[in-house]
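Take a look at this one chain, the form predicted alone, written out in C-alpha cells.
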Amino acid sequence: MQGLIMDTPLLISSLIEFAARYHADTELVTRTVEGPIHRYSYADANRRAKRLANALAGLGVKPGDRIGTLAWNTYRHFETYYGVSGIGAVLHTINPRLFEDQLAYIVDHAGDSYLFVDLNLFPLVERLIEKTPAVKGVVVMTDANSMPTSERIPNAICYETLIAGQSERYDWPTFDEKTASSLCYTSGTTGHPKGVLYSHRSTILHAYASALPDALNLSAGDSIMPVVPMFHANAWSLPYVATLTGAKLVMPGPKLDGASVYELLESEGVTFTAAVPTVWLMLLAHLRESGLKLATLKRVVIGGSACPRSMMEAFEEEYGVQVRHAWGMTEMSPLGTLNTPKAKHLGESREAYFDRGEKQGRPIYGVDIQIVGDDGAELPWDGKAFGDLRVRGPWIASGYFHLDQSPAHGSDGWFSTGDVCTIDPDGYVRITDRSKDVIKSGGEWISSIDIENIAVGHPGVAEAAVIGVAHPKWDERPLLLVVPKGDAKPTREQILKFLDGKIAKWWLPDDVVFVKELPHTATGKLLKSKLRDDFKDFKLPSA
C-alpha cells in the first residue's frame, strides 16, 4: 500500500519559483565584475532566468546539453544556475584557476556546447577556444557597453543582448527529478579532473539538509554571502539554500581581498558567510590592521581545508562571530559534516569548546559514514583509531561522468573519500590527513594537519605544511615547511619550542624549513604532492 500523496518531482526550478512568489522583494546584491553594485529582487531574478531559458531554446539548447560557465559569484551567474538547469540542460561550472590544459580537457570531456564567461575571464577563453572545437558559441556575461572585441572569437554573444528581446513568460518544464542538473569537476591533483554529475533530486535534498539548525542554520531572516565560489561544488549549495529559505543573498564578485569582503559584510548586514581559511586570514588581517569590528556577522562556516584553532579563537573572542567547522567533497554536493554542539556540550569549558570546534563535526542527515583499516574492516568510534573515511547517501556521487571505473566507488555502495580520520563516540569526525599524505613513522600515524594547525598559531607564521621525509630508522619523519608572516623571522628552535607540549613528543618535526610560499591547488588546498617531489632528496638532521 502506498500513501495518498501528490507525486511532485523535486526540481531546481521550484526553488526560484518559491523565492519569487513568497519572497518576491528580498534582495540579491552583487559587486559586479564591471565595478558597480547591482541590486534586484528574487522576482526580478526569476523573470530574467526565464528570459535566459527562452534564449537558450533559441540557441538550440536541448535537455541534457552541457552549458559551461567560467564566472564569479554574480547575479548573472545565479541566473544560469536556474535558467540552464530549469530547462533540463546541465550547468557545468568551471574553475578558472585551473591550468589551461586542464580547462581545455574539462570543456572537451564535458562536451560543453556553449560557454558563458565573465568579462575579466574572456581573455582566458580566447586562449582556450582553439583547443575546444566542439564549443558552438561563447556568451560574455556583461552589457553591450562593456562588450569586448575579439579576433579569435568574432561572434561572441553579449549576455544582456541575448536575453533582452526574450519573453519573461516561461513555464518551467516538469521531468524526472533524477535528471542531471549540474556538473562540477574535481581539481585533479592526481590524473585528469573527474566530473561529478548532480541531479535535481540530490540538489534539493542537499539544500534541505544544509539549511537545518544543526547544519548551516539558515532562514529568511539571514543575509547570506557565499564567498566560496559558485564554480566550486555549487558554492556549497548556498545559491539554492538562499532561495529555499528566502534569505537575502550577497554576491562578492571577483574581489575577495579583506577590505572588499569587509565592505560588503557591513554595508549589506551579512549575518552568515562561508569560505576556505585563506579568505578569512585576509579578512582577519584587515580587521586587525584597521581596528574595525563586525557589526552584523553572526556565523562563519570554514571548510575546504582544516581551520586552525587560532582562527576560531580570533573570530569568536575578538569579534564575537561563531565559527562552524565543516567538511565535505565535490563528490558529496559537498556537505558531509558540520560542527555543532549537542545538548551535553552546553556549558562546556572554553578549552573543551575549542577542542571540539577543531573537529570537522558530525554528519548531517543524509550522510552515513564509517572508517576502515587497511584490511577493510570497520574500526571503532573511540576518537583514537585512525582509518580511511567512507561515505554514502542520497547526494553522494555513485560514479564519475564518462568514466567507466572508479576505484573510490566500491561494490558495497560506499565511496572512499581518500581522507584519514578518527571518529569519537559522539560521531565527531577529525580529519588527520589525506590518505596519500599520511606520515607513517615507526609503524604509527602522525597527523600532518594537527601539526600545521598548531604551527600557524605562532605569531611569526603565516602558513605551514608538513610532509613525510624518508628516514633510515623510522621509515618517515615529519618535515615542517613554514612561510613567515610579514617581516617576522622566526627560527627553527622557536618554532619547535612553540610546538613542544602541544603535540606528542614523537610527533615533533625533525626539521623546519622556511620558504617564501607554498604551492596550492586551484581550490586553495596545499599541494603536498609537489612539496614531496621538491623535498624528496632532503636529508633530515636525525638521519
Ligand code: ADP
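All residue numbers refer to positions in the sequence shown, first residue = 1. These numbers come from a predicted model, not from an experiment.
This protein has a second form, the form predicted together with adenosine-5'-diphosphate (ADP), left out of what is shown; the following refers to that one.
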Handout entry: Site test, His232, Gly304 and Arg434 vs adenosine-5'-diphosphate (ADP) in the predicted bound form, non-hydrogen atom cutoff 4.5 Å
Key = yes
Practice task
Verify the contact flag for His77: yes if a non-hydrogen atom of it lies within 4.5 Å of a non-hydrogen atom of adenosine-5'-diphosphate (ADP) in the predicted bound form, no if not.
Solution key: no
Exercise for the section: Using the partner position in the predicted bound form, report whether Tyr81 sits within 4.5 Å of adenosine-5'-diphosphate (ADP), counting heavy atoms only. Expected result: no
Exercise for the section: Check whether Phe315 has any heavy atom within 4.5 Å of a heavy atom of adenosine-5'-diphosphate (ADP) in the predicted bound form, and answer yes or no. Expected result: no
Exercise for the section: May I ask you to state whether Ser187 is within 4.5 Å of adenosine-5'-diphosphate (ADP) in the predicted bound form, using heavy atom distances? Expected result: yes
Fill in the blank from the handout: Picking from Phe272, Trp327, Trp280, Tyr240, the single residue whose non-hydrogen atoms come within 4.5 angstroms of adenosine-5'-diphosphate (ADP) in the predicted bound form is Trp327
Exercise for the section: Could you work out which of Thr417, Asn339, Ser182, Thr142 is the residue within 4.5 angstroms of adenosine-5'-diphosphate (ADP) in the predicted bound form, going by heavy atoms? Expected result: Thr417
Fill in the blank from the handout: Per contact check vs adenosine-5'-diphosphate (ADP) in the predicted bound form (non-hydrogen atom within 4.5 angstroms), the hit among 202-210, 304-312, 341-349, 287-295 is 304-312
Practice task
Any residue of 341-374 with a heavy atom within 4.5 Å of adenosine-5'-diphosphate (ADP) in the predicted bound form counts; write them all down in order.
Solution key: Gln360
